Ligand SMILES: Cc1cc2nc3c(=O)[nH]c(=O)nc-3n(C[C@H](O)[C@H](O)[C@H](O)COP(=O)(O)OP(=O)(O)OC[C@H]3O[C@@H](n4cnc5c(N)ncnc54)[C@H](O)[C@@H]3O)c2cc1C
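For reference, the chain that follows is the form predicted on its own, supplied as structure tokens.
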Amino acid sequence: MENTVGGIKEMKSRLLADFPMLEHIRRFRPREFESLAMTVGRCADYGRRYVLPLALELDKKIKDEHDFFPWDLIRAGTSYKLLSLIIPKIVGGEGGLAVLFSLAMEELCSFCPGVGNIFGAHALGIAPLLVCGSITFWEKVLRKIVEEEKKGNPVLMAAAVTEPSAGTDVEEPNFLRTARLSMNAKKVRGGYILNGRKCFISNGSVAKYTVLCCATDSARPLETWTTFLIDKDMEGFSVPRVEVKMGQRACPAAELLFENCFVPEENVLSFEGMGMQPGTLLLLAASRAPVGAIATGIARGAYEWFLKWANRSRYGTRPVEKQRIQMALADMKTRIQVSRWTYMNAAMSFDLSMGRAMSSPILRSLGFIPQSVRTSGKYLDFFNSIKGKRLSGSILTFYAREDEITRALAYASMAKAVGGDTAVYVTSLALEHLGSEVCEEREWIEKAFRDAKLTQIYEGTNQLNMLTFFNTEIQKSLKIEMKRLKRR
């Protein structure tokens, strides 16, 4: 659907039917609701025009050529502003947060989650630049992404946390204390020397910039977990391998190798030792709702293809006339709606807290500073200094309450787990009822089944997400410590 007046009206109706809680936004923040509808409309148009005709062919191609990347498809996405959805408006982006991006992810992933996850992994790489007191990178990196997007040149990002011997461990504070880490950063004059490997990094082989977390003291990983910005052209950085994948093949998962890779001090996000608290936990509060949306999009796509199959007549009858098919469709639709409402609740919880910070008068005032000043050396040097990082960090601590953002992490962890389980359940149920029939719908649903499994694994396994929910919402032994930004 193109963003015509009629198309936007139809999209608004669809959003309100699928997400009744958006009525509050429509009534009290109509411009924001208009923006949501336009964004989802652009994603739908992109999916129909470019992704749907190529998704099956692309999946088969990458099965045989696992390091192939669909650059032409991503270039097509630049005209839809899919690379700047969560980039702040003051540097030319769309300024969306978790609600907007979650809706975009469901829409894109209903066509092909592999393609959708390219944009999702890109946003995951952007997110730390927004929440870790790193305003200096808004001009140096985010503006470049926006300006190149306007030219049709995609500049991609990635986030690297997982290590060969530490996956789930590096996404939870208590587990990180005893994690078997293989990568480290050593402090040297002017910066850090990185050695080791990261693995299963989405977009890792194609990203210009990668946000990476690792310890500067392997004996105290939790206390020294630090976030760095890596440029693919840095000496000592390489990509030795792209994984052969079962699902979501369009989005590459790569191994990253660092061999005496020097990263300058200015490429440290926030401060040394703040990679987990509040860094990674804050990032997960932002990203797990969109991952739940990715899974929901997979389930929705499978459901729509199954419904198409069920309504197709064979020998004068249609499968949908049978009660067992009716019950299966009702079961699928129910679970999809529950998954939708769960991820939307999480996304709205995150936006409630972080939205105040991102729309604060201080950040908005930066937009009135001439671009020539904001790109000058003095401006960038200030925000990269201790005082500048404290100032940008204090904006978050002033507007974002610890109890609210911790609750957002709890809801986001729940949404991710619910979404992943829903995707696997719905695709499995659809295949079960298809039986042995060979048809076009089966190809799409089999692909969705393979795509679904990954949503139970990445962004923390579903088991870890349930532990995070328990620790934050039930036992209340884990919270995001925003005040750490002030103590530096």
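Start at 1 and count along the sequence shown; that's the residue number. Just so we're clear, the structure is a prediction, and the values are computed from it rather than from any experiment.
Missing here is the form predicted in complex with this ligand; even so, the following discussion is about that form.
A.B. asks: Residue-level question: is residue 200 within 4.5 Å of this ligand in the predicted bound form, judged on heavy atoms?
C.D. replies: Yes.
A.B. asks: Can you check whether residue 93 is within 4.5 Å of this ligand in the predicted bound form, heavy atom basis?
C.D. replies: Output for residue 93 is no: heavy atoms all beyond 4.5 Å of this ligand.
A.B. asks: According to a 4.5 angstroms non-hydrogen atom cut-off, is residue 25 in contact with this ligand in the predicted bound form?
C.D. replies: Although this ligand is absent here, residue 25 would stay clear of it in the predicted bound form, with no heavy atoms inside 4.5 Å.
A.B. asks: Heavy atoms within 4.5 Å of this ligand in the predicted bound form: does residue 457 have any?
C.D. replies: Yes.
A.B. asks: For the spot marked by 108, 118 and 300, is every residue within 4.5 Å of this ligand in the predicted bound form through some heavy atom?
C.D. replies: No: none of 108, 118 and 300 comes within 4.5 Å of this ligand in the predicted bound form.
A.B. asks: Among 406, 397, 162, 136, which has any heavy atom within 4.5 Å of this ligand in the predicted bound form?
C.D. replies: Contact with this ligand in the predicted bound form is made by 162 alone.
A.B. asks: Of 410, 253, 131, 179, which residue is found within 4.5 angstroms of this ligand in the predicted bound form when only non-hydrogen atoms are counted?
C.D. replies: Among 410, 253, 131, 179, a heavy atom within 4.5 Å of this ligand in the predicted bound form occurs only for 253.
A.B. asks: Considering this ligand in the predicted bound form, find the one stretch among 355 to 363, 375 to 383, 315 to 323, 162 to 170 with heavy atoms no farther than 4.5 Å from it.
C.D. replies: Selected range: 162 to 170.
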